[in-house]
Structure formats: C-alpha cells, structure tokens
Ligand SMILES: Cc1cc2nc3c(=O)[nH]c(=O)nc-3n(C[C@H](O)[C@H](O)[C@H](O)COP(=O)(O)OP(=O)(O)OC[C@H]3O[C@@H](n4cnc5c(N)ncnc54)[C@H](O)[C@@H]3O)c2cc1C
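Quick heads-up: it's one chain on its own, the form predicted alone, in structure tokens.
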Amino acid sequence: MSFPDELMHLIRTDEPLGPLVWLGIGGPARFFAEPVDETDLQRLVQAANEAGLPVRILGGGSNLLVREAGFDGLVISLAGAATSQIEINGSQMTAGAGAKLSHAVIKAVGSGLGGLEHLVGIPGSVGGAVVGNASSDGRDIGSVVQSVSVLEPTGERRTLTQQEAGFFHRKSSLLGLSIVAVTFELEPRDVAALTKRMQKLWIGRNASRPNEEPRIAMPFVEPDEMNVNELLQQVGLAGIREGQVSLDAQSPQFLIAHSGATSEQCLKLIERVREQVLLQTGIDLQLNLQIW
C-alpha cells in the first residue's frame, strides 16, 4: 500500500524493531512512523485504518516481545517530543503517552504532587504503564488516573474517564487502543518528604535489578497478594534456562535474553514456567508482556 503523499516523509519501511525494545529481539515493522505532532498521529492512524492496515503503538519497549517475523502493519513510535510532553495545572498532571514513566514521577514529586512516587524505577512509558495498570507497594497507577485520551481508528480523539478505562489488577480495558495522553489527579504534599520516599524506593528497586544484563523484561503479572520473585524462588525456577533465555538466578521475576536469544525461546521458557507454577501451586501466572 502507499500512504498519502503528505505523510510519506514520516514513513520508513522494514524498520528493525529489535533495537527499540528492551529484550533486543524482533524482526522489522512493515511500516514505521514517528509523528512530529498530534495531527500527524491522527492522520497516520486514519490512513492505516482506511487501508485495512493493523496499527501498533510503541512506547518504551520494556514489556514487549517481537517475533523474528516482525509486524506486518504500521508501528507508530511515541518517542518524539510532541507525544511525550508533561504539563502540570494545579493538582493535575497531563502526560503524553510517549513520556517516560520515570520522568512523570520525577516531575510530579518535584512539583509537590503525590500519588506516583511509588512507581519510581518501573521502566517504560506513561501509556504502557496505564494500559498495564502498573502497580507497586499495593497501589496501582489507575487509582490516580482522571482521564485517558485515545484515538479512534478514524483519527478522532476521544476522552475516557477512569471508570471507562476499566482498571483492575495489573490490567485495563485500554489494550489495543491508541493512547495519546493521560491526565492524573494527584495530591499536594511536601516536596522534601516525597523526594525522600522516592529515593528510598528507587534504591530498593534498583538493588533487585540485574544491572549487568542489559536485555531484560518482567514477563509475569504479580498475582494478588503475592510477590512473583518469592513465588518463583519457592517453586525452584530461579535460573531456569531455555536456549539463550533464562530467569535471573537471584531475581527470577526478570527474564534475560542472552546473546543469540530468540522469541521462540522466550515463549517456550515462559510457558514452562507457567506450567510448573500452575502444577505446584495452582496459580495461573498472567503475562505482563505484549507479544507482536
């Protein structure tokens, strides 16, 4: 297919996706675009819809596994400045879907607004965190979401309320939608106290991450009232390996893609882990990863 002439300067073909995701795995996108403003984003979504072309939104790539075959559609990156801005108005903060979650947390804390500081150190974009209803210390991001702006396949912008976004444990009803921006309703608090709490949480979270391994992901959603790390340790799956993919020996909530790892190896390891956990504990681990 061909896009309208006025959009062709935004389109790249056969764009490798592996370098854009944390696991470093994956084939090319048939079409790839990074819009410079929201108007371009709307027109790209509309053009793809009219051509019957599937669309995927790429945020930070921290919870994404791309198969070697790549994606036969249009991948839209929200890494550009126009889709990653963060603005504060009173107790409300609006962040573009492409903004890094860490930047949003730091911006809120620096402005004396509480409600996001417990999410410090969680990788990825604001859009991805909201779609997956990222959670830490028993509180999820959906609890402070006021509204979510999404694009319809026609390119029309629509605003969903917190209730319409359908937040529940580590999930939402937003999967598959093209998120543009998120508005949070936060609580005014003391900057110094917030900063201290954020720093403490950051140190603790950073200490558990296998920093010597650059290609990692957290493949599983934590079950209710249970820590995935402790669960996998108890079941004896720490360090389990499939080809060039393994769970970290010390922090098995992290999946590591070693040199030569493939998407098939990742999926096989994930399925082995889920089967063993279900067999030994009766718990059906849910995936945190999106698979393209």
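So that there is no doubt, residue numbering starts at 1 and follows the sequence shown. What you see is a predicted model; the values in this text were computed from it and never measured.
This next part talks about the form predicted together with this ligand, which is not shown.
Of the residues given (Leu194, Val145, Val105, Met218), Met218 alone sits with a heavy atom within 4.5 Å of this ligand in the predicted bound form.
In terms of contact with this ligand in the predicted bound form, the residue from Ala165, Ile179, Met93, Leu116 that brings a heavy atom within 4.5 Å is Ile179. In the predicted bound form, no residue of the candidate spot (Ile11, Pro35 and Arg158) has a heavy atom lying within 4.5 Å of this ligand.
Contact check for Leu175: a heavy atom falls within 4.5 Å of this ligand in the predicted bound form. Within this chain, Gly26 is remote from the site of this ligand in the predicted bound form, having no heavy atom within 4.5 Å.
For the chain shown alone, Pro252 is not a contact residue for this ligand in the predicted bound form, no non-hydrogen atom being within 4.5 angstroms. Though the partner is left out of this view, Leu74 does not reach within 4.5 Å of this ligand in the predicted bound form, counting heavy atoms only.
Listed stretches are 42 to 50, 257 to 265, 61 to 69, 239 to 247; the contact stretch with this ligand in the predicted bound form is 61 to 69, by a heavy atom cutoff of 4.5 Å. Of the residues in 275 to 292, those that come within 4.5 Å of this ligand in the predicted bound form through at least one heavy atom are, in sequence order, Asn288, Gln290, Trp292.
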